[in-house]
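Next comes just one chain, in structure tokens: the form predicted on its own.
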Amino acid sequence: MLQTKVDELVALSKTESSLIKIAAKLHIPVEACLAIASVLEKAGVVQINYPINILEPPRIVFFGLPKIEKKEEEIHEKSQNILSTYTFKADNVPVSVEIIDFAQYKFYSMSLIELSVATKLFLDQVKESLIKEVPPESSDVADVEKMLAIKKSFYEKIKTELIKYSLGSEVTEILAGLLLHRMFGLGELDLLNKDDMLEEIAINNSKDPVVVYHRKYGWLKTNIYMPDETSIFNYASQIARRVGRQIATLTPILDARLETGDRVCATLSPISSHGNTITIRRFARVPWTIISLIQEPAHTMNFEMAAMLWQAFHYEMNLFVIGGTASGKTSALNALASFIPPNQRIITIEDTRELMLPKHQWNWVPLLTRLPNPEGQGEITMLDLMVTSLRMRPDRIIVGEIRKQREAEVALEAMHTGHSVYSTFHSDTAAQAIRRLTTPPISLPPSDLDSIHLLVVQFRDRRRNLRRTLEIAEIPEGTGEGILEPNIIYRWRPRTDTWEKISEPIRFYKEMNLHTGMTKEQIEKDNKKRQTILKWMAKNKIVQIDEVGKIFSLYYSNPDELYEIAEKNLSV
């Protein structure tokens, strides 16, 4: 339990009434001691008696603390095994987590630092005073950076309020974080959202516990419950207001994002028949890079495959990253985008801001779609942005995801007009992706698909909780109206968790020869050189996005010098 000056004051007031003596024992100024007592007086814990003689100090009289019933903890089976324990901080609030394995399911137990009854009452009163000065719903803005600035400003406002009580810097920061979550944030959901081991946070209704998807252990029940359906609705409404939208009976579905960039989907009953729901998809706080994808624990692809994709990005081949839901498509695309030379103009088009490029790619314009307002006006679709991007003189266009026929048509048209286009697409294999693109509802002519040079297939093994690059395939050139069959170059073998080269690339070599004049032998030699550089980066733990970007920028300015550094294992 966190011991605060509030608890010490309450304990001392039971035996000592002199304000000056209590302040001396607490080692805080008399003014701070009086301020704490004034707050506790509002809560009915103590009473301050001011003597007739103004020269005499006030006296503190202890009244009593209310009894607060402890919540009954969920009873689990006796047979349990603790799989993992770890701690993290959420806005300076310490949180401890236990992952427990029961006979039939795994459990995520989150424990907050415990507060005494007196400190809880003190915080409630401070919260009331802050609400009058800074209403927590004053942040009706859609810009993520502004949201973060408002949140930081409000946190500082809370700290300033608490500092006058002289509670100590550590206690002040913890209590300020707790108040921030209660007033500005989403309560316990904010705490979960600070756990970087979680990918998904889901509220199914108020009767069932909140569930989370853990990076290592998959779906887990938690010890967190929503008080009632109204609380879930209030959280959803709070998120909606911040992005200038609303969720109500007439508009019971919300698609939005938090100030952290995480995607939120909320639904209201009776659309979701068991109750109101909120699903938060957390995005990586540290962007994925090609080195973090290759190395353990990700181990998504090997160095040879990464070097080939580097060549493809360098020489402006068009590429789709495909796969199922949560297979790592966007993470892979984000990592591969660092291969783009720094002197080229990049336009990214997304529903929710997920892509994060290194600083060396300074000529980057991120575009975001926008949903219509409650009156049905103001919608900006992905198609609108794709058409607009063609007027911005891009060298590379990155589309978050292609879903509809018209979007696919515009993407292919951009390829035909000389732009390099990269995107993600939902499909489980390269062959399936071709079928989806050439059959209803997308129905593209098979002859148009030869604009796409490579397909990178991401796969998620749910049983072992692994993400791997399942295939790298090329689409044959000059195809007619018949059945298209991809040329599979690499394929993952699940039994050995390794990659096998199935066949030699044909079109890849042709395109490389056409645009660089290199022979097959020279292309393979270039691939090995790039592998050497990637291995050197991995060995020297060059993993952070801006560090990786710096190395690739150096490569494009002087490739021979960087290769020599890598070959000799020197430092940059």
Ligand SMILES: Nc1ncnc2c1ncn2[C@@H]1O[C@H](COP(=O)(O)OP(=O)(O)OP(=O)(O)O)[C@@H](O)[C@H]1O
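Note that the structure is predicted; figures quoted are calculated from it, not measured. Note that residue numbering follows the sequence shown and begins at 1.
There is another form of this protein, the form predicted together with the ligand, and it is not shown here; the text below is about that form.
Per the 4.5 Å heavy atom criterion, the ligand in the predicted complex is contacted by stretch 327-335, the sole one of 305-313, 156-164, 327-335, 119-127. Only one of the listed residues (172, 193, 300, 427) places a non-hydrogen atom within 4.5 angstroms of the ligand in the predicted complex, and that residue is 300. Taking a 4.5 Å heavy atom cutoff to the ligand in the predicted complex, the contact residue among 485, 199, 461, 98 is 199. In the predicted complex, residue 339 stays away from the ligand, with no heavy atom inside 4.5 Å. Taking non-hydrogen atoms only, residue 401 approaches the ligand to within 4.5 angstroms in the predicted complex. Interface residue remark: residue 442 is not counted as part of the site for the ligand in the predicted complex, having no heavy atom within 4.5 Å. The ligand is not shown here, and in the predicted complex it never comes within 4.5 Å of any heavy atom of residue 490. Of the residues in 258-285, those that come within 4.5 Å of the ligand in the predicted complex through at least one heavy atom are, in sequence order, 263, 281, 282, 284.
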